[in-house]
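Single chain ahead, by itself, as structure tokens, in the form predicted on its own.
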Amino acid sequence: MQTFFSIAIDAFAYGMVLFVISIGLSITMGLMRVVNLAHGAFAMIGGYIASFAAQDLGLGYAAAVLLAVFGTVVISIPIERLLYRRIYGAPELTQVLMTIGITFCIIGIANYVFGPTLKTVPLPPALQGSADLGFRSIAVHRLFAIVCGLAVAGALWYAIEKTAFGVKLRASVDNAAMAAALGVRTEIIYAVSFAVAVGLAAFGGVLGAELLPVEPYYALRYMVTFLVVVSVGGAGSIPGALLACLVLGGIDTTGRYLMPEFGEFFFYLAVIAIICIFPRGLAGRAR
């Protein structure tokens, strides 16, 4: 029973970290129709900035997180204006090649600026140690990751489904020319959506630094994982992405606990099985 609860908590926390990072990619792929393979690079940037802020500047954890999110968004603004706007509506192969190129450029710059070493983000005393739930103790940081993931899911769902911005975003995606004719400033809508996606990636990179260590090839190491989560959940679907993260996180964590010698075998076996049964993902919609 102790093993079961350990697997369940670790899987839930891992799934929430995957969700916070991957949901931004789901937004850009499902709502903005951009295959952004550089998404993991922005999560890496957030982790590097937070590590620098905490280790070198001596800032607290909260300040480091805010600086990481804000700094990554600021860095992404010229990239979006100069590069991403050129591939909105372009063939998917063009988007893939452009974003992979951006990924390698960011990796090279990160190696040059921060060096080829593993970076850590020190946790504050409040997030260290364990919390006693009565039937067992749970690491406070994992509880924090779970709460953050659920909060992000609720906030995004409300913003996209229940606000005027969400209506404008969906209208811009469905018919950009008609939305612009009706007065919707589609360029601003896309820019804000991209900034939100990048900010979430940065936040997830910091939040998950304990589970997905920040290192020079972070963007390449986890690129497929983030893309798989979006594909399994259904691009653009927040409930689908959340469900995919919980299912895949549970399978991956269980496999690593019980049969670690198999590595990620069960993770990708589950991906193949789900895609065979649900070609558009767990909550994918026909386009």
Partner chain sequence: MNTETVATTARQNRTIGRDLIGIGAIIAAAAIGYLLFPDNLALLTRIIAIALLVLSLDLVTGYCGVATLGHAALFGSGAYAAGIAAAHYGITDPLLMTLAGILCGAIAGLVCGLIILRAHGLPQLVLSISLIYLFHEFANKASSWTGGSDGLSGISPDPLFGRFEFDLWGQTAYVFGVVLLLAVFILLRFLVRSPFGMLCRGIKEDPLRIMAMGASPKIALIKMYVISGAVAGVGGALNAISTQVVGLDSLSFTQSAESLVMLVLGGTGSLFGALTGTVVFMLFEDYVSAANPFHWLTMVGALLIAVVLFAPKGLYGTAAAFVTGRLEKRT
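Numbering follows the first chain given and starts at 1. Just so it is clear, the structure is predicted and the values come from calculations on it, not from any experiment.
What comes next is about the form predicted in complex with its partner chain, which is not displayed.
With the partner omitted from this view, the residue of 74, 181, 155, 93 that lies near its partner chain in the model of the complex is 93 [heavy atom within 4.5 Å].
The single contact residue among 243, 66, 59, 227, judged by any heavy atom lying within 4.5 Å of its partner chain in the model of the complex, is 227. Each of 102, 262 and 268 is positioned with at least one heavy atom within 4.5 Å of its partner chain in the model of the complex. Although the partner is absent from this view, residue 98 contacts its partner chain in the model of the complex, with a non-hydrogen atom inside 4.5 angstroms. Proximity of residue 81 to its partner chain in the model of the complex falls outside the 4.5 Å heavy atom cutoff.
In the model of the complex, its partner chain lies within 4.5 Å of some heavy atom of residue 275. The closest heavy atom approach of residue 107 to its partner chain in the model of the complex falls within 4.5 Å. Residues of just one listed stretch (181 to 189, 204 to 212, 156 to 164, 84 to 92) have heavy atoms within 4.5 Å of its partner chain in the model of the complex: 84 to 92.
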